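First, one chain by itself: the form predicted alone, in structure tokens.
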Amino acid sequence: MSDKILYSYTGIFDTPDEIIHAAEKTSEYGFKKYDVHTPYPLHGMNKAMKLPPSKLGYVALVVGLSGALAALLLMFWMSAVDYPIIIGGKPFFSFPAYVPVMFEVTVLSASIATVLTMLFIFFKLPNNAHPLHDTDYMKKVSSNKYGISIQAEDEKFNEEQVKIFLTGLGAKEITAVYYDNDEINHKHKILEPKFIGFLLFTALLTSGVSYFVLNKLLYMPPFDWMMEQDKLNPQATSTVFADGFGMREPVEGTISRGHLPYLFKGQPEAAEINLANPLPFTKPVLEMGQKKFDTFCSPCHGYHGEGDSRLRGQFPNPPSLHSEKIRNWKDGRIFHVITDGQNVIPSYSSQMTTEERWAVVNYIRVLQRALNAKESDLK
């Protein structure tokens, strides 16, 4: 054994209490480079060994915060610099909308960095050789025994004194552990040709099986899960109808259940004459109208309805809602424009309910009254 390099001396203990006591005494003696091995985690072992907190937490903190900041800056740059556009009344810097993405990037980056740091820095992969591997000591402490290993690199290590120390602790089967040739020469066993070949074979086998399953097997009965069935995809031809069209217009004169069609489609004058606002000027109605106006109307009309679009020339600015023409419109005419659209203004009947559209009309009247106040309003 004289030609081999000593790694450590190990001792075996029979009970958890014995190994806890041994760890406390080893720490008190002043050993720094030693380790304890048990078949399962023991409560209080960290305190007995006087272990400092793991440095992995600092890695997770730094990388996680870096990921959150990078996600924030990237989303801000995309929405406010590269392609600035107001959507649904949101500002360019819409921080609440960024929070879910920032959270996910923080967790993902911190977890990946923690695992990689643990594997390649703390565990020193790809080198997976260790003197304790395949020893009788490791076989016992991973089954039903408890052990301690004091390394020869420790400043206070003395071979004879360590053997006496372990004997004094009540250790059984005190044995010396030596480096093998691979560890001395720093050879990485994980990079052996046969292991690399195994990885390549596994990659090819996994890729082939995945390709067959996803591109072939799932299209075969009974695994196609009704993929081929009697149905018509959008814009597909049909052999059922004489004209060959699969997409059909609704039967003339019918309406969907629970849906009342807009009676004045394309008839703004008729809507102005026949429609009356059913909602009163109450605080809840005006709050609802303001919320919907700010979301759907303000990007083009501005928050005060003055036609000062916030879309920076991406669309032509609409006329002011405070012109004499629009102020003289009846509520039904404004409701018609919101419901049916006009010129470049699209219909908002799918975005707002009938009640919400009437509430927007009331809020527009409030804006008109505020910016065009009469002398009597000031008394």
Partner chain sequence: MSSSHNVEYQKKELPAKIRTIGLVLFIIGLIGVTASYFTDSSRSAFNNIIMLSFLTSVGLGSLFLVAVEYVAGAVWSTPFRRIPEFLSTILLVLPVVVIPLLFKLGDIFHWMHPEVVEADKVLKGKAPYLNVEFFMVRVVLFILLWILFYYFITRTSKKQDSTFDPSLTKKNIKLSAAFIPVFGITISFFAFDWLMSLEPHWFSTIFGVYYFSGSILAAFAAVTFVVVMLNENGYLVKGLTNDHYYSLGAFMFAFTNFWAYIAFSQFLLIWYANLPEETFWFLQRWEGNWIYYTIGLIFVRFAIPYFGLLSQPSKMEPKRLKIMSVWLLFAHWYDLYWLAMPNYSKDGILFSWIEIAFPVLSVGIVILLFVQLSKKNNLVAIGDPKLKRGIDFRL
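Quick caveat, the model's predicted, so the values are computed rather than measured. Residue numbers count along the first chain shown, from 1.
This protein has a second form, the form predicted in complex with the partner chain, left out of what is shown; the following refers to that one.
The stretch in contact with the partner chain in the predicted complex, judged by heavy atoms within 4.5 Å, is 99-107, chosen from 276-284, 168-176, 114-122, 99-107. Using a 4.5 Å cutoff between non-hydrogen atoms, L51 does not count as a contact of the partner chain in the predicted complex. The closest non-hydrogen atom of K90 lies within 4.5 Å of the partner chain in the predicted complex. When the partner chain is considered in the predicted complex, V344 lies well away from it, no heavy atom lying within 4.5 Å. Under a 4.5 angstroms non-hydrogen atom cutoff, the partner chain in the predicted complex lacks V62 among its neighbouring residues.
Proximity to the partner chain in the predicted complex, defined as a heavy atom within 4.5 Å, holds among T295, T135, S94, Q151 only for S94. The partner is not shown here, but in the predicted complex the stretch 29-44 reaches within 4.5 angstroms of the partner chain through a heavy atom at H43 alone.
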